[in-house]
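As structure tokens, one chain now follows by itself in the form predicted on its own.
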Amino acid sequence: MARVVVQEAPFDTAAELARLTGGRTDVGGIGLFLGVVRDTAGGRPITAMTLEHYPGMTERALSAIAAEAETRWPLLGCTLIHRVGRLVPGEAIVLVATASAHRAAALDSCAFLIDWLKTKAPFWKREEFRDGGSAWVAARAEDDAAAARWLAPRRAAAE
């Protein structure tokens, strides 16, 4: 069962990896993505990013994405943590970690999860710029293209 958390507080990546593996010796690979807030967008310096979500709906969407990954790959564990609230450049915003007996499943499932999270999870992001302006972050065609590669269900082969 996947661990899905939406929270304002920072998370401890090492502690989350320890929780994911739980001392298991059948884990042969861990796929990990740690997203951080950048300091620029479109060439404009950012001072902060505020993330909003609809409580309940967001967790259900993330849980559904994790469940899809668990049907596609032989996962031994899965963690999705996404922060909300006001974050400044350099702060961790999202953690996706998957554990499997083999690296291919761990890495592919991690890539799938972040691609689908970027396009299917209901988060709204507003960037604040150094010049005092702000703007909502629009969906990007590049993110949609990355997510589209996972439309056909597939299962990773063992190494």
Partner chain sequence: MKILYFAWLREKAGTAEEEVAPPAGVRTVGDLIAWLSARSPGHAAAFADLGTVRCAVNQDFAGPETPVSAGDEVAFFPPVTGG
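This structure is a prediction, so every number in the text was calculated from the model and none was measured. Positions refer to the first chain, counted from 1.
Same protein, other form: the form predicted together with the partner chain, not shown, and the subject of what follows.
Visitor: Using a 4.5 Å heavy atom cut-off, which stretch among 22-30, 112-120, 38-46, 97-105 contacts the partner chain in the predicted complex?
Guide: It is the stretch 112-120.
Visitor: Let me test this: is every residue among Arg60, His82 and Ala138 within 4.5 Å of the partner chain in the predicted complex, going by heavy atom positions?
Guide: Judged in the predicted complex, Arg60, His82 and Ala138 all sit within 4.5 Å of the partner chain.
Visitor: Mark Asp131 yes when one of its heavy atoms lies within 4.5 Å of a heavy atom of the partner chain in the predicted complex, and no otherwise.
Guide: No.
Visitor: Mark Ala69 yes when one of its heavy atoms lies within 4.5 Å of a heavy atom of the partner chain in the predicted complex, and no otherwise.
Guide: It does not: once the partner chain is placed as it appears in the predicted complex, Ala69 has no heavy atom within 4.5 Å of it.
Visitor: Does the partner chain come within 4.5 Å of any heavy atom of Glu52 in the predicted complex?
Guide: The answer is yes: Glu52 has a heavy atom within 4.5 Å of the partner chain.
Visitor: Determine whether any heavy atom of Gly56 comes within 4.5 Å of a heavy atom of the partner chain in the predicted complex, and answer yes or no.
Guide: Contact with the partner chain, yes.
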